[in-house]
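Provided below as structure tokens are two forms of one protein chain, presented individually as structure 1 and structure 2.
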Structure 1
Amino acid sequence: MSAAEHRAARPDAFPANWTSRVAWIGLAVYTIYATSILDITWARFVTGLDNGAKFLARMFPPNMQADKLDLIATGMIESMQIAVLATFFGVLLSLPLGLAAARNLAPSWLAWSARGLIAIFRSFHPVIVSILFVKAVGFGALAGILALIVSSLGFVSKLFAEVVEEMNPKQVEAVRATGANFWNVLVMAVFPQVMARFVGLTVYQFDSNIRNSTMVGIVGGGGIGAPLFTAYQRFDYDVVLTILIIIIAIIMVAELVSGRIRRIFQ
């Protein structure tokens, strides 16, 4: 074998990753194309910046009148209540739904039906689900709660089913070998393995429900969203700013607390 042949037989030490290169080039071309399609131009951006200055000027200072604060407090409390109830019922229902969707526990017909249901719950943004519930049960917090229960079910059951599928089958087998029935296996072999993660998901979902409970009001689902959207449409940007500051502060606090709690349970 000649030296040249020998070299050819060896794979290149640094092969050019063509898939990756093509992907990057494609992405760049797409970006330019889509930007032009959407009529995103520098001129618009500059005009916008000009508008932005006016907008900011109208926002400051935040409106702190007592009657406005009262209204905001009522809305904010309702948002929190929506979040609490949606988390409580959503998580409670996620427990059986998640178990039913776990392919290592449930018979396959049940697992696939549960997965189908979860896929439907997950595909719509909570605000869209709210629209449907507002039509079904009327304006108010109930519609928002039901919508967030649906989205909690979608998120928590899906991840909980994954947690259950990842558990150690040997521990389950050993408990089954003692002659334990299904419910006993669930209680003593499955729950101990998955409960800590389930609590983590619950806390995470509460956090996420607080965020979304501030939004469902835009379509009539109760909470702070309605006063926010009304103020926005009336160009009361100073009130908008007050509400935003309060929402952001509450979300940050919630995230801090939930992060702490999740660390305790890990």
Structure 2
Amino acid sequence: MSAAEHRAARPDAFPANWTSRVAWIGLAVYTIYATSILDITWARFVTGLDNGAKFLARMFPPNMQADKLDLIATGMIESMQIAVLATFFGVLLSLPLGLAAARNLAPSWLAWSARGLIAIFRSFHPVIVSILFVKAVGFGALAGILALIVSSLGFVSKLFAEVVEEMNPKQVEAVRATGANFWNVLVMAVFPQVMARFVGLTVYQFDSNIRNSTMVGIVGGGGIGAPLFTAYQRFDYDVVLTILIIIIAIIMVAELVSGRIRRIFQ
């Protein structure tokens, strides 16, 4: 066999993936098209940098007046209360919903019904859900708590169901072979395998609820979001910076605490 015939007969080590190439070309073309119709220009970007620099300059120094700090402290305490209550009730409801959505434990009709409900919970941003609850129950912390409970259900239930589906089925089968009922199977075979991951999901959701409690407050869901939005409207950018610094500090502390809790349960 000649060298040319040998090269022709030898399979290509890196075959061309034309489907992937066409997809990347299509994405590049669409990106250019979307950029053109959305009025995204370099001039606007440069102007935005200048406006942003002026905005940041007006933020400094942060406002540390006693009356402002008292107002901010009240809002942050309410935001923390919203996050704690929303996480507690959201996780409490996510446990049975996640078990119902696990296809290796629940019958198919129940699992798919639960997954459909979870998909509904995940379809809307917490701010949108908060607007709906503000219309239903009025302004205040209750609307924010209910909105974050819905958000927690959508996130924790989905991931918990996936954790249950990934567990080792041999332990479940061994407990079932003893004639144990469904509750005993959960206690003896399911929970020991998944509770560490469930605790991790809970802690992560608490972090998320702390951040989201700020956003739901902007639309009337209570917490620090209302003072933050009011400060923006009044052009009190030094107060805005103070609120942002406190939010960042609280989230960093919560991240450290949550990391310690996750290591304990690993």
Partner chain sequence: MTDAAARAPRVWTRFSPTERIARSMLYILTAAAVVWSMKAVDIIPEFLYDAPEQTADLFRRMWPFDWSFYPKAVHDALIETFHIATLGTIMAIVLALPLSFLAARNFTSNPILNFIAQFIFVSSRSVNSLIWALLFVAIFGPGALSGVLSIAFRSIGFVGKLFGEALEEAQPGPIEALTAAGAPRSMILVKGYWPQVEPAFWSVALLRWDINIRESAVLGLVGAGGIGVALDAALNNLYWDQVGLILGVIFAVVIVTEVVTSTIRSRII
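Residues are numbered by position in structure 1's sequence, first residue being 1. Since the model is a prediction, treat every value here as computed from it, not as a measurement. We call the rigid core whatever largest set of C-alpha positions still superposes within 1.5 Å between the two forms.
Shown first, as structure 1, is the form predicted together with its partner chain.
The Cα position of Y33 differs by 2 Å or more between structures 1 and 2 after fitting on the rigid core. After superposing the rigid core, the C-alpha of L244 moves by less than 2 Å between structures 1 and 2. In the rigid-core superposition between structures 1 and 2, residue position W24 carries a C-alpha shift of 3.6 Å.
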